[in-house]
Structure formats: C-alpha cells, structure tokens
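Only one chain is included here, represented as structure tokens and corresponding to the form predicted alone.
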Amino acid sequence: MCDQTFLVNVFGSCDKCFKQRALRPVFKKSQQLSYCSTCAEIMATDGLHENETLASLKSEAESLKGKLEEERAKLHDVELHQVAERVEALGQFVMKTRRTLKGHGNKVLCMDWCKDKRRIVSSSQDGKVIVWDSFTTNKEHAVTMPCTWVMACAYAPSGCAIACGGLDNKCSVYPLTFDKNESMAAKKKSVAMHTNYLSACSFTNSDMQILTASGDGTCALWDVESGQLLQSFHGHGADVLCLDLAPSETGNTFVSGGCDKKSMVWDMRSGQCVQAFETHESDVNSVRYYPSGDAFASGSDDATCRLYDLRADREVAIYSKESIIFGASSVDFSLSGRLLFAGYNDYTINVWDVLKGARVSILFGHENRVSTLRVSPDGTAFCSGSWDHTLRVWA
C-alpha cells in the first residue's frame, strides 16, 4: 500500500570497491553484502557466457514465461462460478458491530487474535501496542514502542507472548505477564533485524520461531530464543507487504505479497519459491490461505480480491465490482471457507460468496479506511482495525 511504503537509502562503504556510496543489499551464496549500484551490476554480469547479455537472458525468460502461461491456459476448461451454479445461494446475511475498542491515538495498522478466541493484540501509528479483552473491551497490556508506525503485530500460539515491529526495522517479542509490578519493556527481546521497515510478522506453529516480511524485499524465519536467522526468502522485486502461514499442522509453506504485484508461495525448509502468481495490477496488500490450505486469497490496491488454486496453479476467481474503485487492504476467510471478508480504503467491509463470486453484504461503521481484518479462531466473529483509531468486533 503506497501510504505505508518508506524507501531507505543506506550510505556507507561498498563491500567490493570500498568507496562511500549509496548501498543496496546483495546476496551471494545466502550471505548478505552491501554493494553500490555499479558493483551490483558488474556482479550480475559476471556469470554470463560468450555473446550473452542481460537483455537476451531477460527475453529468453519472458518467452519461457509465455510458454508456461500457454500450458496453463490449456488446462483452464471451466470457471469456478460455473461449477458453483448448482450450489445453493446464501440466505439472509446479518452482521453487526458488537464491540468497539477505543484507546489508540492514531491509525490502527495491524491486529491479531489470541488462540483463546478472546484476546486481541493491535498496533498503531501512535507507537503503541495494546492487548485487549474483546468481551469486556478492557485493555490488559500496553507497550510503547521506540518508533511510530508499528505496522506488524502477532500473538504467540501459547498466548504468552506478542511480537511487533515497524519503522524500527526490528521484530520485538514481549512476554505477557499479569504481575502489575513487572515491566513488559524490560523483558523485551529483539529477534529479527531487517534493512528496512517490518511490514508483517507471524509465529509458526510454536512460540520458538517467527516469520517476518519487510520493505527490504525479503521474508525471513528466525529463532526467537537466540535471534538467529534460520532461513531467508529472496524473490520479490520490491517491498513485501504481507504474509500468511499455511494452515496445515506441518506448516512448511507460507505465502507472501508485495509492491511488485506478486504473490509467492515459499518452502520454509529450502527457502525456495515454489509457486508465483502475478495477475494483480497493483500492490498486493494482504494474502490469506483458504482453511483447507489448497488455495489462498489476495487483496490489492487494484480494487480486486483474487482466489488462487495451488493445485491448479492458477487464479480461479476475481471478486470485484465496477462500483468498487478503492483498494482492498485486508482479506480473511470464514472458518468454512464459504465467505471472504475484505476491508477497503472506502471505509467499508465487503463480504463475498467465495464460490459464486457475488457480494453478499456490505458492512458500514468505520469512519476511515479499514487497514486490517482477522476472523476469530473459532469463526464466530471477526475484528477489523481502521485509520479512524478504533477496532470493531463484528458478529
């Protein structure tokens, strides 16, 4: 999302020519180096064979990409909504705001549910991270971060810790304690360090590892205890804005989306991209796996949400209307997978029938753009956060 994109130029000594210049990160055999643009270009041409140029390799890659698309098109025999014609339409749909959480002094940028289906963590442009009881609307914990624009926050699976970060380029983990005399800030642990802002974070299936996405164009897997980098994921051509871990128990894959209009599926063990989709026309702001793990949805600044089937290796549905001209900032599925909730920059939340591709409801309430949205672990409600400084729980 362009409003949240910050470009940082690092100046210093180039690791190759040792001159003081603007630097860019370069990865050589998974080791990160800082090269000036001249040295980076020289390195890129080092491995070329005779009569080969970068332009010829690019055109070869484009032609191979075209052939792949042709093969994919041959397998495309039917649309999802045609298959779903015999499926019964959804009946009357009523959802209302049941709770409003007020306490942030600026735009709410991110939120996550605790596995106990009750507590919520949210982060804001005011530099604060708050843990809420969604039943009573009470604030249970509050942490002031060393920076504003805390763009990412996540609850640990055990419910005993939270992670957050933003313009400080770090992901910090705070253990939660109910001892009022203990300072949470004193127990803070800096786990991940990127070379640009932190845009998203998510614990894996344990409290011991955390996945992060960053404006430096990479995702990374970290060990929480030691802060050691376990795996890095390179492939996006611009800022990575979002990620989501596959719902399977093994949890060995995740999907990411970014400013390069791409959604990429990664193998966490090898660090390799196993599938990539580039059908959006603008930044991919949000990605979320279908409950079965066989598909995922994305929301983009191009005002559409899209569904990708991983087994068919292609886009199978587009959720859009001519009247929707504002970007989708956040998406999530209902527990059954039949509904897709999408928050938009026009202050609304649209509810889509995943199978039929039709909009079944529009939810009004927020007074500024909806920036984040998550369905509760038991599927009975969902929470949305907005630039109007509030969170709302809907059911």
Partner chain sequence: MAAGPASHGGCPRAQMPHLSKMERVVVSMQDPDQGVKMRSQRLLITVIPHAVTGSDVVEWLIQKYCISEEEALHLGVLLVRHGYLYALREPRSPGLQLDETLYRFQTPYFWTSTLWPAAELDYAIYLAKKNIRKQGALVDHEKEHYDQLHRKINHTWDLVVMQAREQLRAAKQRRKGDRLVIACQEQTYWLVNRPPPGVPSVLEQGPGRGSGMARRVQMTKNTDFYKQEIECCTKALGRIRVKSSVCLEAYLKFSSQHRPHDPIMSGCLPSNPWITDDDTYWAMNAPNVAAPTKLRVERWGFSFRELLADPVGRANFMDFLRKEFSAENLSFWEACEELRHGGQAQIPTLVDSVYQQFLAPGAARWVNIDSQTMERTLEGLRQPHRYVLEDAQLHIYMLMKKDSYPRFLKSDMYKGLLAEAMILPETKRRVFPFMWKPRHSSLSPALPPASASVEPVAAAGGPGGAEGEA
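Residue numbers count along the first chain shown, from 1. A quick note: this is a predicted structure, and the numbers were derived from the prediction, not measured.
Here the subject shifts to the form predicted together with the partner chain, a form of this protein not shown in this document.
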Among Ala185, Ile325, Ile318, Ala142, just one has a heavy atom within 4.5 Å of the partner chain in the predicted bound form, namely Ile325
Assert contact residue (the partner chain, in the predicted bound form, non-hydrogen atom within 4.5 Å, options Asp112, Asp126, Asp283, Asp168) equals Asp283
In the predicted bound form, do Leu75, Val78 and Ser334 all reach within 4.5 Å of the partner chain through at least one heavy atom apiece? yes
Can you work out whether Asp244 and the partner chain are in contact in the predicted bound form, taking contact to mean some heavy atom pair no more than 4.5 Å apart? no
According to a 4.5 angstroms non-hydrogen atom cut-off, is Ile130 in contact with the partner chain in the predicted bound form? no
Can you tell me if Gly103 lies within 4.5 angstroms of the partner chain in the predicted bound form, counting non-hydrogen atoms only? no
Tyr197: touches the partner chain in the predicted bound form, heavy atom cutoff 4.5 angstroms: yes
Taking the partner chain in the predicted bound form, which residues of 93-116 have any heavy atom within 4.5 Å of it? Phe93, Met95, Lys96, Thr97, Arg98, Arg99, Thr100, Lys107, Trp113, Cys114, Asp116
